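Only one chain is shown below, in structure tokens, and it's the form predicted on its own.
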């Protein structure tokens, strides 16, 4: 009997593994098609706008790993995002020859370490107390970078973007978009794999009732540390290409309120129960923001996001994905 159960479990794991591989392949094909269409359009602004939307998919999914799956609301998004961005500035000054994907990886590792340390100190707090602690982290990190002269301090630092994209040719923004697309594939594949694994079930148990999960033997602190480290790593990786995107990084751009608001609002609008929600929210809100930036003004982006967030919290608390699921028979 035990051998039969073990065999069935092994078959389930094998089917999950094949499903994950197939999902990654579909994501890779979709990313290639999106890049091809954007390149076919042939306008630089298309790459700049698409980069922002894909960046918000990564940020929203990263926040959702901790905020949606585990139920711990993180207000310190800009801290992890800026760690990735400023790590690129440091490497640009010390080793300007380093490839951008390596910079992205380094930024992710540094942000994960900060997330792990922060989680160890704060994850014993719950509810609003944890959220306030993460907000304090953002303030501390911003103060640190504002007073660090090597990365430009309050005056900021210039990062010269190469004229030509490596490997693919064309403008460098095309390469930035391609790197962000690749990161998006990795983040979405990870989020989906977490949902369908024992790790995801542990996250859900913490979100639903942490006290009951702990009493049942779930290693809550360890799982929360994993969630914090993963979430922080992906936020840092999303921020690492920013200096090349803006060409001038200062605390105002690295710690912009847009990143904090959108990273929380987009999963809530799309739905936090699964990996699809942040994607839907980022495409809807991010696409609308880019359109408004061109037609009206980028100054109203946060206002539009806030109004949408309030509307969805009142009318569809489970987000767009949850609303469709609820209407299914």
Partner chain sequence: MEADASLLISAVVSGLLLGGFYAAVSVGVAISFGMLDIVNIAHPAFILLGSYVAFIGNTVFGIDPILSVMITLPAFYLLGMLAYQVYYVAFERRDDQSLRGLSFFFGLLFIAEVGLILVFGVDYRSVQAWYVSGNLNLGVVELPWRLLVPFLLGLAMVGALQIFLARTFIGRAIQAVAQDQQALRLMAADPTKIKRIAFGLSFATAALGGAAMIIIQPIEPSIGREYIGRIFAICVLGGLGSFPGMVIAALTLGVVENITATFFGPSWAPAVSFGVLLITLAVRPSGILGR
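Keep in mind that this is a model prediction, so the values were computed, not measured. Positions refer to the first chain, counted from 1.
There is also a form predicted together with the partner chain; it is not shown, and the following applies to it.
Only one listed stretch (155 to 163, 68 to 76, 169 to 177, 105 to 113) carries heavy atoms within 4.5 Å of the partner chain in the predicted complex, and that stretch is 68 to 76. Proximity of residue 129 to the partner chain in the predicted complex: non-hydrogen atoms within 4.5 Å are present. Although the partner is absent here, residue 31 is not a contact residue: none of its heavy atoms lies within 4.5 angstroms of the partner chain in the predicted complex. Residue contact with the partner chain in the predicted complex: residue 272 places a heavy atom within 4.5 Å of it. Mapping the unseen interface onto this chain, residue 95 falls outside it, with no heavy atom inside 4.5 Å of the partner chain in the predicted complex. This chain is displayed alone, yet in the predicted complex one of 137, 242, 229, 151 has a heavy atom within 4.5 Å of the partner chain; that residue is 137. At a distance of at most 4.5 angstroms from the partner chain in the predicted complex, all three residues 121, 306 and 313 contribute at least one non-hydrogen atom.
Contact annotation for 251 to 269: residues with any non-hydrogen atom within 4.5 angstroms of the partner chain in the predicted complex are 257, 260, 261, 264, 268, listed in sequence order.
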